[in-house]
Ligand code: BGC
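The data below hold one chain only, encoded as structure tokens and taken in the form predicted alone.
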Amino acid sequence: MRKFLTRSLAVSAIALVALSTAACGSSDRDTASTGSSGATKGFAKDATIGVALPSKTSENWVLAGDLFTNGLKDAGFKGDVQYAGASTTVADQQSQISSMITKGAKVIVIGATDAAQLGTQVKQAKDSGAVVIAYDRLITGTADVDYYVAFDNFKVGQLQGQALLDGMKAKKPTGPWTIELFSGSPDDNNAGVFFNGAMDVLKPLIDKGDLVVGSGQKDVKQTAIQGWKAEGAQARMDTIMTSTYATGGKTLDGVLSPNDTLARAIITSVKAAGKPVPVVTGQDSEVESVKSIMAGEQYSTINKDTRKLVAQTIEMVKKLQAGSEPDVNDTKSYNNGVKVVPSYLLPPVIVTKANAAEAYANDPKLSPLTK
């Protein structure tokens, strides 16, 4: 698995556009220095911590911003939490990271809008003495990212692929099964990792003929949905329903969807075509998708508790402040095309109607939906 993942990430890294760099000074930066491992030798307890997040495309990003704002404040830091805009997201985030450097941020946490276009800003951050933590999305093509904190995204894909198989087998015990494949935004490094994880499970069965992709669209470039936008997924599914399932009596058994937003759009398209809802996977445990799962429409989601991910990131910041190395539990799997980035990976959990009550038992927002 690790060889497969490393190869996938290395291929996804592209050459970075060279931009002018300027390391901005700050009076409190003199108290910190960076070792070869990327860990600082400690800094002030009330230091500025930058958090650069993408646009608010899903519930988990909105929640992450709130959690970082409150969690960094509770830990005594000055949090500078910013979201990229909905249109020119890459340029927004590049500017925001540069601003955080100017403000003297000791650590900059980045949920990348485009994993391959932040190399210049990451280098500026490193040159200024800051530590860079890639949050949820691995930053590619640069040696200047220090740590990566995320759920195990290859495992997420594997769980999605297995859930698709399990759901279809529950409805129709023997194949072949006809499916369609969707993947996320091509500028999000995670999208390819999710897809490769799922295909690690599904491709052997596609090669055997047990799974048949009705539209014939199997490549990640054909299946990608720019910006993770619901309207993009619905439009693509509308086209597939018209071209592949409108006539001839072909039945669609399942759809691999990489997240909940796209899953709901796919289901909307299938229902509009007057066809039975197939088994549809998802991710992120969004409220409307949990409701859909409990109502028997969307089959599954992935629980990646944002509270745990943010808490782990803040723990890393606290260790850096104290002059200690942050905890990592993987130093082999996540190659960004230039280096293997030390990572802390949290385990994802597959959720269906059968285990939703247990999975969300400690979640005050989602638990009531499973009663």
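Residue indices: 1-based, along the sequence shown. Here the structure is a predicted model, which means the values were calculated and not measured.
The discussion below concerns the form predicted in complex with the named molecule, not included here.
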Query raised in the report: Does D284 reach the named molecule in the predicted bound form, with heavy atoms at most 4.5 Å apart?
Result: yes
Query - Partner proximity in the predicted bound form: D114 to the named molecule, non-hydrogen atom cutoff 4.5 Å - result: no
Query raised in the report: With the partner left out of view, is R264 within 4.5 angstroms of the named molecule in the predicted bound form by any non-hydrogen atom?
Result: no
Query raised in the report: Do W228 and the named molecule come within 4.5 Å of each other in the predicted bound form, heavy atoms counted?
Result: yes
**Report entry** Heavy atom within 4.5 Å of the named molecule in the predicted bound form - the one residue of D146, D253, D152, D188 that qualifies
**Finding:** D188
**Report entry** Listed residue that, although the named molecule is not shown, lies within 4.5 Å of it in the predicted bound form (heavy atoms), from N335, S343, N303, T57
**Finding:** T57
**Report entry** Full three-residue contact with the named molecule in the predicted bound form, heavy atom 4.5 Å, for W61, F194 and N259
**Finding:** yes
Requested in this report: Counting only non-hydrogen atoms, choose the one of 293-301, 132-140, 95-103, 114-122 that falls within 4.5 Å of the named molecule in the predicted bound form.
Outcome: 132-140
